[in-house]
Every structure is written in C-alpha cells, then in structure tokens.
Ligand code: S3P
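Below sits a lone chain in structure tokens, taken as the form predicted alone.
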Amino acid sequence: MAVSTALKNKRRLDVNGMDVQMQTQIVHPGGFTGGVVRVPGDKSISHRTALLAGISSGTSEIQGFLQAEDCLNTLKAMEAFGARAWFDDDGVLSIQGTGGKMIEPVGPLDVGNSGTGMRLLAGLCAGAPITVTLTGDESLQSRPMRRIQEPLELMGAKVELTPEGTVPMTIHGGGLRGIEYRLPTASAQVKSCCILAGLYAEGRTTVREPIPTRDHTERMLRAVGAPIRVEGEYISVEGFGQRGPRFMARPYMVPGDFSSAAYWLAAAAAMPGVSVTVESVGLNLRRTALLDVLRRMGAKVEIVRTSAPTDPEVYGTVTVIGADLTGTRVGGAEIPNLIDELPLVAVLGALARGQTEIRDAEELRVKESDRVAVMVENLRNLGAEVEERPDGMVVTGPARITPAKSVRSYGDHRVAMSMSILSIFATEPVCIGNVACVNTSYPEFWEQLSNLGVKVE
C-alpha cells in the first residue's frame, strides 16, 4: 500500500466525511480495569527512520513505524524528495532511499500538524541545493520557527518565514559550512535540525545544548555509521559536503511510544491497586522522566528491559501499580524529558493530595496549543483548583471532578488524551471536543481506552 493511500484512508476512516473540528468523544466515568497494553510505534523515532532511510542507499525495512498523520506526512515529504515508500500487509514499511541526493519537489510540502517533521525536514532541505517550501495546518502556522532559521542561516542556507517568524517557510539550500552553535533553549527538534543539516555541510558542525534533551537522532546516526560524537553537552557531526552522506539501508525496529503509554500508566497510578503493564515500549532515559514523577507521587513502578545491548534504543516492559497519590514539584532539568507528559502531570495533580507545581515549562505555551492556558481552562471546567503561572501552573487536589462545561482540545492531541484520562474520574460523562487531532499521534487511542474498560461514545 502506498503511503499517500495509507494517509488518505486513515483520514477517511477517522473523519467519515465530517468537519474534523466538529468531532467529539464522550468519556464515561469509571470502568478502567488496567491490564496489558501494546502501544503504537514511537512518533519521534518514526520521523527519524523516515528521514534516514529516505536518504540511504538501498531499501530499508522498518517494523513498528507509526502510521499516524504526523509520521505519514513526513514519509510523503521524503517521497517528494525522491524516495519510495510502501507498507506490506503486516504493516512493515519499506523505504527505497535516494542515496543522499534530494530532488526539488513540485509545489509546497504540507506536513500537517507536525512540528517535529517540519524542523527535521528543514535541516535536510537546508543541506540540498534545492528550494523547498514547507507549510502546515493552522496550528503549526502559529508555532515559532526563527529558532531554526538562525542556525541554518549561519550555516549558509537562506530561510524565509512570515513576518511573525512562522511558516510557510521557504528554504534555499546547499553550500553549507559547519558551525558551532549553542542552543538558546533546550530543544531536541532544533538540535536535530542542526545535526541533519550538518551532514551536508563542509567541516564539523557542533551543537551545544544547555540541558540534555532526547537523543534519538544521535543514536540513530551512530547506528548507520555516521561520524557523530557526543561529549557531555557537545554533539558534533562531520559533514559530507553537498554530495550528502552515503548511508546504507538497514532494518529498523521502532519500539512502542512512551508518550502514548503514559496515558495508561497515569490512569493506573491514580487508582489504588490497579495495574497497567505496557510491553515493548521505549525506555530511553531522556523520555521516561514521568516514571520518576509517578514514583515521587506514590505509585509503584517496575521496569524489565528486553532490548539487546546492541539495539540503538532501549525498550522493555513497564508496570505501574496505583496508589493514593500525593502532589509533587516538577521543573528544571527534568522538563525537557517530560515535556509531552506535562498535561498528564497536571491531571494527576488534580487527583493527588496537596499541591502539584509545574514550573520552568514556558515551552508548553508554543506547542500545538498554549498547553498552560488550555489545561488550566479545562481543569477548572471540571472542578479542579488551578493557579496559572507564566512558566506553568499549580494544581491543588484532590478535586471532585464535576464537569460544569465540556472540554475543548483546541486541536491539541495531548490535551484531548490527557483530559480523557481525567474524565475517567468524573462524577458524570465528559464531552471532549475537537478530538480528530488525536489521529496525528495515536489513531488507536479511543479503541484502546475502550479495551481497558472505559465506555466511550
């Protein structure tokens, strides 16, 4: 099955011809039984396999690739650059790469809602001697892109943005030179953008990050034999010049997405005695800070590693057993490794005894939505006591979850899924609007929520 067909069919099945903004789900309280779950492939790793396999020589086979809109849009972009991609009947993805070369696409490339896809693709586009326009949906068009414009232009590319510093973004690539660049803000996406552009530069590109962020790009480049070095806060790659890298095709196994598993782990954590086990899930230490938070709040966490020492990524089985939770503080260096799960931490704060404080999380305000403002609004609408702060919030619990109003996702998949978990603890059904956004990362979410005993309609 071709990638474009997979994306078209997925949207048709999920949307059924309706305006996606009109879609709602009603989540009924109670019923969550726990159990054993397997979650879809990791979104961050799926993006990166599409890019690296797409510029390799030969055909790579990828097991566990996430067939959600964000990743399929990245895959379509790689096809526009000359790669070929198709799924077999078992969902295994094959990508015939371009051997390091990239052709100029016809017309703009729409990456939908994916900030990761946008910023990683920008790095590749900057390296090739082509002109490319990248765009996205309304939400993505509001997100800041000057943070990648600056380093790419320092390397020699020309990057055009709107006056507001947003997409559509037109990149005139090629002729890059290596630089040393200190990230103003910790960001795995900006770091990866610079590293990928550095593959096409003359000389060495070094990125210095203020706080360690997820390192999937570094791990995968090491696995394909790229000349990459990590020394503390410095990540360096030796460029291949405009001819591009000469990576060989290889097999990939994408582990389950920890950020998807987090919803089930959080639900179990807030239910004394209930347990959830997630199998074959990614356990990269720069992704799993939520497990430390759950332990601090009182839940029991058990981890069994099943990956081999030679695997680029660590994965295994995680079990969480619920308890009466107490509030905690999250902030500082753990924020980059917890950024996608912070809406869930806010939900747990509403269910725990005492105060839960989220700080140093200004980055939440420039995600698919302003996740600070949106979560504060939704938590209050369900009866929680919340104080909004510039860099986060303070939630005081335990709250009696009583829906005074419906919940709005504002087109943000993480908000929609996080609020569905809180709805399990409500006194009556909760209506959650704008839920089509969940398809960007976790199309099976509502089905799996039902499989775990929760009534959804």
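If you're wondering where the values come from, they're calculated on a predicted model, not measured in any experiment. Don't overthink the numbering: it's just position in the shown sequence, from 1.
Keep in mind that the form predicted together with the named molecule is not shown, yet the notes after this line are about it.
Student: Scan 137, 340, 218, 313 and let me know which has any heavy atom within 4.5 Å of the named molecule in the predicted bound form.
Tutor: None of the others qualify; the residue that does is 340.
Student: Which residue among 369, 113, 187, 328 has a heavy atom within 4.5 angstroms of the named molecule in the predicted bound form?
Tutor: That would be 187.
Student: Closest heavy atom of residue 408 to the named molecule in the predicted bound form, within 4.5 Å or not?
Tutor: No, residue 408 is distant from the partner.
Student: Classify residue 44 as contacting or not contacting the named molecule in the predicted bound form by the rule of any non-hydrogen atom within 4.5 angstroms, answering yes or no.
Tutor: Residue-level check for residue 44: yes, a contact with the named molecule.
Student: Although the partner isn't part of this model, could you tell me whether residue 76 comes within 4.5 Å of the named molecule in the predicted bound form, counting any heavy atom of the residue?
Tutor: Residue-level check for residue 76: no, no contact with the named molecule.
Student: With the named molecule left out here, work out from 332-340, 168-176, 318-326, 350-358 which stretch has heavy atoms within 4.5 Å of it in the predicted bound form.
Tutor: That would be 332-340.
Student: Taking the named molecule as it sits in the predicted bound form, which residues of 213-245 have a non-hydrogen atom within 4.5 Å of it? Please list them.
Tutor: Read in sequence order, the lone residue that approaches the named molecule (within 4.5 Å, in the predicted bound form) is 214.
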